[in-house]
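The chain that follows stands alone, in the form predicted on its own, written as C-alpha cells.
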Amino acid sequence: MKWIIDTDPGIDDAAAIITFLAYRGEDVLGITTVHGNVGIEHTTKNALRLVELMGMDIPVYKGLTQPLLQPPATATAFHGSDGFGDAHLPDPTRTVACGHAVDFIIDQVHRHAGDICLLTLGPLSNIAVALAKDRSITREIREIYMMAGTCRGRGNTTAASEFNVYTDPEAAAIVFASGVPITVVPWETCVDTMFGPDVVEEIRKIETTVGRTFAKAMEFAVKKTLASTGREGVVLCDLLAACAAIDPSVVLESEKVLMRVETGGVYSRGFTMVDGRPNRGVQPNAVLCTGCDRSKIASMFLAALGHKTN
C-alpha cells in the first residue's frame, strides 16, 4: 500500500510525520503541504526539515496557499510563528519538488489506483481541489485517514468547530461527500488521549537528533497546555491519525457514521454533523474513532523519536 501525507506542519504534524516515516517511510510517495497552522511557506519549509531530519528521499510538493472561499487563518498561538514552537531551526538544504501538490496527488492516485491511501493532517483544500479537478480519483483512492472535526460538538477554534475543518469548511464538505472511504480521528478523541508529564519527560530524555529537535519545538505547546489546563502535558492530535493508519489496533472504540460539514450559520460554520442512527436508514460515510490506546501511541512515538521501530 502506498501513501501520500497532506499536511500543514505544525508541532503535532511533526509528531505524526516522524512516526509515520519511521514505520512506513518506504511506502510514502510524497508529502504535500497546505496552508493551515502557519502559512504555506512555513508549512513547506517544515515538511522539508522533517524529511531531511528523518534522512529520507521523499519529495515535498507545495499546495494551496489559502482556503477555497474564505481568508486564510493560522494557529500560531499554539504552534509559534514558524510552526515549530519558534525553535528557530536551521533552514533545510532540500528544495521543494517541481509541480503543484494537487497535480501530484492526481497523478499518483492514477499510478497506484486502488492501492493508495491519503493521510491528511491539515485543512482539506488540496484534497478537495484534486477531487474536483479529476472526479475519477474518487474510485481509485483506497482510503483517507484524517485528523478532522468533532464528534461531540466540542470545538477548538470555535465552540462548535475544529481547526482543520473550520479553516476550510467547503473543502471538508467536498471530501466528506466524495464517497471515498474515510477514517476520522476527531478533536475530542485527541483531548482524551493527551500525553501527561510522564510522556513529556520521556520525550525530553531522548538523545537522538530527531528526539532533541522535536523536544525543542514541543516545549512551546507544553507551556500553552500548562497555562490553559494547569497541568503539564501535550495534545498531539495528528499523531493519533498517523498511528491509526500505521496500526489500526490503536483504535479501541469506533463507529460507522454519516459525517457532514456545516458551511453556513453564524455560530455553526465548520461544525461536523455526526449521524449514527442505523435504524433511520442512515448510510455511513466514515469510521469515527472515539477511543484510542494512549499507551500504545506513546510507545510508537517514543520508538520513532529513538529510531527503534522493530
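Numbers for residues come from their place in the sequence shown, where the first is 1. Since this is a predicted model, take the numbers as computed values, not measurements.
Quick note: we don't show the form predicted together with a small molecule, though the next part is all about it.
- Proximity of Ala75, Leu121 and Asn156 to the small molecule in the predicted complex is complete: all three residues have a non-hydrogen atom within 4.5 angstroms.
- Distance criterion of 4.5 Å from any heavy atom to the small molecule in the predicted complex singles out Phe163 from the list Phe214, Phe163, Phe195, Tyr145.
- For the residues Cys237, Ile105, Val175, Ile141, the 4.5 Å heavy atom test against the small molecule in the predicted complex is passed only by Cys237.
- Screening 39-47, 22-30, 251-259, 237-245 for residues having heavy atoms within 4.5 Å of the small molecule in the predicted complex returns a single hit, 237-245.
- Put simply, Trp187 is close to the small molecule in the predicted complex: some heavy atom of it is within 4.5 Å.
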